[in-house]
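What follows is a single chain, given as structure tokens, in the form predicted on its own.
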Amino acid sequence: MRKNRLFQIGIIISVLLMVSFWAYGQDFQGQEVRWLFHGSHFESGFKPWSEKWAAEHNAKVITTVVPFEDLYQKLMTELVGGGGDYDIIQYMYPWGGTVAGGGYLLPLSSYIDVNSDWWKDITPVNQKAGMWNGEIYGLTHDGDTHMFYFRKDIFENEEEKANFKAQFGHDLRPPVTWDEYLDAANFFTRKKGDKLAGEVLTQDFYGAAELLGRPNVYWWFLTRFSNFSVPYFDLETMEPKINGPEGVRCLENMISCLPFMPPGVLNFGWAEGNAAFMNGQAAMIVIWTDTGKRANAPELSKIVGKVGYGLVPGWLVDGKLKQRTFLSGGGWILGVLKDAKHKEAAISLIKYLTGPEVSLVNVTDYNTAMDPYRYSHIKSEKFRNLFPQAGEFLDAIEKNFESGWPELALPGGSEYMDVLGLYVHRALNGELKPQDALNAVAEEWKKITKKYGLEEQKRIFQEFMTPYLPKE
């Protein structure tokens, strides 16, 4: 009798355990999933959810967090060395040609139903960010895109509008071209004690702020260059086109804007750019979409309720306005290494973190700085009610997604961009003239292309770039 009762109890416990793991997901039997990512504003979004996943799946998650500026080198050391220390890596979109194209990542297409609502909910540009040669290798967890922010309260001030028109001969409006951006930056730059929108300034005020420090100053060059829809290289010869008249015009515009930006702007990164705008020191900024929510958090911002949103400025070309948004989605991606020790567990974790429920919490959290990448984020009532202007903000994000221009994602993509950042920075510092700086970039790009093989780079570039080019 006692044995029968013990047997029955054992059956009941087994059933309960089976139901528990059926309800919460697969049992990974204590497997340790190890991953590598850069911390700062991502760790607060990853850590609690990865711990929750681990508890529900009978697993462990071991994280290695490194500073952003060290991540690429740490990642490449791991990949090239074949150390096998990690199951999951975090990588940037332009590194895809190296990490996916280099054969380091596990193809995920057989694990993802591309006809499912789960996949279709991801915006196309963010789907493509994790793909290489038509195969899924990674899942976007941070839908980086640049967008334009401006101080709506001062742009709409009647006295400022009248003074602007008297000085520049045209109406003040949120700039739709980089020339208008330059005029507005000039106009709104004021000294402490001057008046701005009827109030006496207690600190110096600047027309614009940008993130012009190395290594990523190239992003603010390319956010201008992308508007021309000029490919990085000639599709037939792979001759660089970065040093053409369009590139020179963009770099000259950047240099002209410098006097109307805060001191030290040539060393600005994400934190400094956000601080300048959200502390009420600048009238305009082009930066990622997380700034839109953070600028409306009273504990983080001095300009709550005063921010306007729009498309990144463009250029007038032959009398026609051309606006394209650089960095349009897929900034940070999670991939599983081909040699991962616990592939199934790693895939389960990245799908969990990038799924609609968890990701919505992260993209609406002021502290994570993660950006929307799913339609359900853009349409979410929770997000649209996060602050009074949230609907306007999300609509602007969607428009920027639709006008996108990609960062270069060839094998060696990081090398191409590092060279561009170096010489753009030297031009901004006054060391080189714009044309000379971009000529130097072109020469270095030729060497990188040769290093990876001209014909293979051309094949990859044609496939990569063609969908983004204007249709004849």
Partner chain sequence: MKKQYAAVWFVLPATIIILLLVIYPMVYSLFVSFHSYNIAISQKMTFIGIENFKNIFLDGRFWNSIINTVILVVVGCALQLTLGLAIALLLNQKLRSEAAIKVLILLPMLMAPVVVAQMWKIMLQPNIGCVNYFLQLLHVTGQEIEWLTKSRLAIFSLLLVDLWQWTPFVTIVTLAGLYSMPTSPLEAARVDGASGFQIFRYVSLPLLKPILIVVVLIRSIDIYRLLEAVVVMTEGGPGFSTETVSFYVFSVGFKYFNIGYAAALSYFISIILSLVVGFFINSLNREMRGAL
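Because the structure is predicted, anything quoted here is derived from the model rather than measured. Positions refer to the first chain, counted from 1.
Omitted here: the form predicted together with its partner chain. The next part is about that form.
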field: Touches its partner chain in the predicted complex: L360 (any heavy atom, 4.5 Å)
entry: no
message: Please tell me whether any heavy atom belonging to A166 falls inside 4.5 Å of a heavy atom of its partner chain, as the geometry stands in the predicted complex.
response: no
- prompt: Taking 4.5 angstroms as the cut-off for heavy atoms, does D121 touch its partner chain in the predicted complex?
  reply: no
field: Partner contact for E180 in the predicted complex: its partner chain, 4.5 angstroms, heavy atom
entry: no
query: Within 4.5 Å of its partner chain in the predicted complex, heavy atoms considered, which of S380, Q389, Q281, S229?
result: Q281
query: Can you pick the one in G305, G198, G264, G193 that has a heavy atom within 4.5 Å of its partner chain in the predicted complex?
result: G264
query: Just one stretch in 210 to 218, 397 to 405, 136 to 144, 314 to 322 has heavy atoms within 4.5 Å of its partner chain in the predicted complex, so which one is it?
result: 210 to 218
